[in-house]
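Let's start with one chain on its own, the form predicted on its own, as structure tokens.
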């Protein structure tokens, strides 16, 4: 039995560049400086979410208020994708639409964390103090509000998507596997329509602190992603919601839907990450798509974070695997969105194919070269900053 063709028929993308693929294309081709905030969380730089009119996709204030910001971002982006695919409000189709979500943990109560950290330094009985503060200072619902699968629950409640649902955790790898599983199930005949994606809120001091422990936050003047190494290595976290409707081609045709692109292949890996492991993984994954590539007609969109080591390995491996193919790091445009990074890159690949050309290279990046030819295929890479590797091939229909 031949695998069924998988189309991208709906796109929902929000980031620091705005809302929708058209807004992202306009910003990308303009070649403007990235929209970053280097002051609010200095010395950490973020790509912030612009002011949002949440009611456009989340009509009820009660729904908005019970969500954390990353959940609002994801629920909003999912609504955009369903609207774009012509599924919004179609209760019959939404009853069988399946959902795969990539999500992280909820936001911490920073004030409580600060108070506990301060108190621990002043008490001799640290265990008793910690137990008392955790019992009295945390809201009873705090843990429930942090459950990752609440994003899927909110999408179901707000948008009426009530088919089977899965949630993946695990930073960038969660986004890779969310797309991979949805694609595989459609290809195998285990579902016809999926809403899949993830979201991330960058303006979170708790996350900045966590990533600082491993030295992942980039410091100093802005540097293009592929050129980050040594003292300039690290990522600028980006707020984003990235959801897409994946649909079996025959089902989409029957609905009269025109696709953005075809999602041909999605593969993933997980290595130990000793030196050279990331490059070896990328070469291994590349072998699965190499026979399908059209020389001179494909480009690479990288989800690279800018993290030390793995960014250099990916850059050098791509130079060897596809020396004539232009590459772009999407982090230069929208920052690094962890769980949402790979879905966002797939959507930007669909955007590139829809327009039939590539946006300009990042300024001061010798790795990214100019290209004015036509494009039929986009290879999307998703190498996690710490673990997890993924690759997708997106093609013109």
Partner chain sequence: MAANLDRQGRPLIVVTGMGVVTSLGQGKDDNWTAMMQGRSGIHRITRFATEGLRTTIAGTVDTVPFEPQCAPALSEKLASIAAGEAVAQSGVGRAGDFPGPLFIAVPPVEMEWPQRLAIAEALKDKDPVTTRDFVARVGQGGFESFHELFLFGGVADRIADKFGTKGSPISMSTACSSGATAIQMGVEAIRRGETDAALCIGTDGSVQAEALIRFSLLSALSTQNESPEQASKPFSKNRDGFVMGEGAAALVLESYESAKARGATILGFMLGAGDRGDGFHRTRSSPDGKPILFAMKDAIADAGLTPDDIDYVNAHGTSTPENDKMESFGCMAVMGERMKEVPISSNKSMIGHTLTAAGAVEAVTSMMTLAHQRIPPTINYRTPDPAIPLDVVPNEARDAKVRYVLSNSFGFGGQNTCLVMGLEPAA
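In this text, the rigid core denotes the largest set of C-alpha atoms whose superposition between the two forms falls within 1.5 Å. What you are looking at is a predicted structure, and each value in this text was computed from that prediction instead of being measured. Positions refer to the first chain, counted from 1.
Beyond what is shown, the protein has a form predicted in complex with the partner chain; the following relates to that form.
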| item | value |
| --- | --- |
| Residue 352, heavy atom within 4.5 angstroms of the partner chain in the predicted complex | no |
| Proximity of residue 326 to the partner chain in the predicted complex, heavy atoms at 4.5 Å | no |
| Heavy atom of residue 206 within 4.5 Å of the partner chain in the predicted complex | yes |
| 4.5 angstroms heavy atom contact with the partner chain in the predicted complex for residue 386 | yes |
| The unique member of 296, 89, 220, 127 whose heavy atoms fall within 4.5 Å of the partner chain in the predicted complex | 127 |
| Listed residue that, although the partner chain is not shown, lies within 4.5 Å of it in the predicted complex (heavy atoms), from 249, 280, 116, 321 | 116 |
| Contact segment among 364-372, 62-70, 29-37, 342-350, judged by heavy atoms lying within 4.5 Å of the partner chain in the predicted complex | 62-70 |
| Heavy atom within 4.5 Å of the partner chain in the predicted complex - qualifying residues of 158-191 | 162, 163, 164, 165, 166, 167, 168, 169, 170, 171, 173, 177, 180, 181, 184, 185, 188, 190 |
| CA of residue 129, rigid core aligned, shift of 2 Å or more between the shown form and the other one | yes |
